[in-house]
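The chain below stands alone and is given as structure tokens, in the form predicted alone.
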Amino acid sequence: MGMTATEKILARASRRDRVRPGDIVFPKPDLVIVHDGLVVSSKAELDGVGIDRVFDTDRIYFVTDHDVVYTSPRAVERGTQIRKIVKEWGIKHFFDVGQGGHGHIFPIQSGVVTPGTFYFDNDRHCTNAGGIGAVGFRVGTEIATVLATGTVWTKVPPTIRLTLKGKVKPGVFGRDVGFRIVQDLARRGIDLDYRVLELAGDLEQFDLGERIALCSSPTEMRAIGVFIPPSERILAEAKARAKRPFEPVFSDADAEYELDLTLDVSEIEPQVVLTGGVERGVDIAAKAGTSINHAFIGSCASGMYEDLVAAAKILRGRRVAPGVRLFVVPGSELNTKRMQTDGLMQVFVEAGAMVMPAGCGICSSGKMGPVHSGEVSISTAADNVVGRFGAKDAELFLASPATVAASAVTGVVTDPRDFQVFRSGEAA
């Protein structure tokens, strides 16, 4: 019996010939990513047991992405403490405010995370790694153990394979497909808790930005990982920016899956997810015309450059509707620089959008740009649990970047196909 791609990557990291679901392993990561929220507490934990150094300063990446713009004295203090810790531990890869961006996006864009990579992360959205054919596992507060020892015990998860069949309609984006995937799984009663969702089938139609989007929604359904086998185009892009040689990994033909499912993507319509969870999506026609007050494009789910391009196509030459505030948050400083070079920055500014520093943006619990009681928001956030952006009685819709941009222009939930704007390479 063969192995899935995730099992192969875990086996390689664990120095084993093979692993099976349920095995306990101690994988050695290619890198470790720690976001700003857990640096200080990890240091305090290790200080408490007399550990004054980390296992390898070359493989540790500290990322400031949740509190990029300090909105409280506590955030200012934490930023100061992180900088002191970086010096004390001798961390070589520190991406402070304005230097990296979102920790689930810029490592992929900059060639740090490549196909076949395995890494530990304290945040669950490291599942984005699957978009490029890598594996990132969230370990939460156990990241302190990883910092000290270089590993932590890990249970090999089972994998569910979902084969996508058909070509998506013009004007339907990868984020829409991701929403529909979790709707379908929830309807079937399938539990993704500590499972890997591996996608197969007609995947050539999805570029890297859309593959990252496809990884997002299953994460909110508790998946430990999402894996998408890299195409030749993805591999060529990865090779062009890779910081080190890499070897892509693919599942064996006789790999064993816990479940083997199929989804026809050819009939999917643009989606709007209702407040309360990513699985609560409906076809856009069900909410079209609903007035909005707040719009946000960004987050680890839709902060890739391709997402910004999709939104800019609609916003170009248009203005945000009166009474609507639109926030645009690039996923990386690389995106910000490219926006300036390619003219997207001018498009957003002239449209009346507020372009914010690269990072989590509004998605970080609404610390910046929150909503007021009774308001309606439409965004590309990773999740829309009640109260995520502030007021608990606000409506928090999720949608693709194109749908959010179209809605910001009209002031009501709007189908992006009304603007005759489609995915790259598509025609009406």
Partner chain sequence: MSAFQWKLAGRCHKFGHDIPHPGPVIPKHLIAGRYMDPKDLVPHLFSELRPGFPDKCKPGDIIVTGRNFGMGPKMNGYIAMQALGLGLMTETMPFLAYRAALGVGLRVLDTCPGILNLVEDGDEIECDFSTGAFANRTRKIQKTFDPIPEALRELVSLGGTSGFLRQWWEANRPRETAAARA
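If you're wondering where the values come from, they're calculated on a predicted model, not measured in any experiment. Residue numbers count along the first chain shown, from 1.
One more form of this protein should be noted, the form predicted together with its partner chain, which is absent from this view; the next part is about it.
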Pick from 202, 142, 283, 184: which residue has any heavy atom within 4.5 angstroms of its partner chain in the predicted complex? 142
Just to be sure I understand the contacts: of 316, 138, 338, 83, which is the one whose heavy atoms reach within 4.5 angstroms of its partner chain in the predicted complex? 138
Non-hydrogen atom within 4.5 Å of its partner chain in the predicted complex for each of 46, 149 and 193: yes
Based on heavy atom distances of at most 4.5 Å to its partner chain in the predicted complex, which listed stretch, 152-160, 202-210, 99-107, 293-301, is the contact stretch? 152-160
Against its partner chain in the predicted complex, would residue 52 count as a contact residue? Criterion: heavy atoms within 4.5 Å. yes
Under a 4.5 Å heavy atom criterion, is residue 222 part of the interface with its partner chain in the predicted complex? yes
Heavy atom within 4.5 Å of its partner chain in the predicted complex: which residues of 24-41 meet that condition, in order? 24, 26
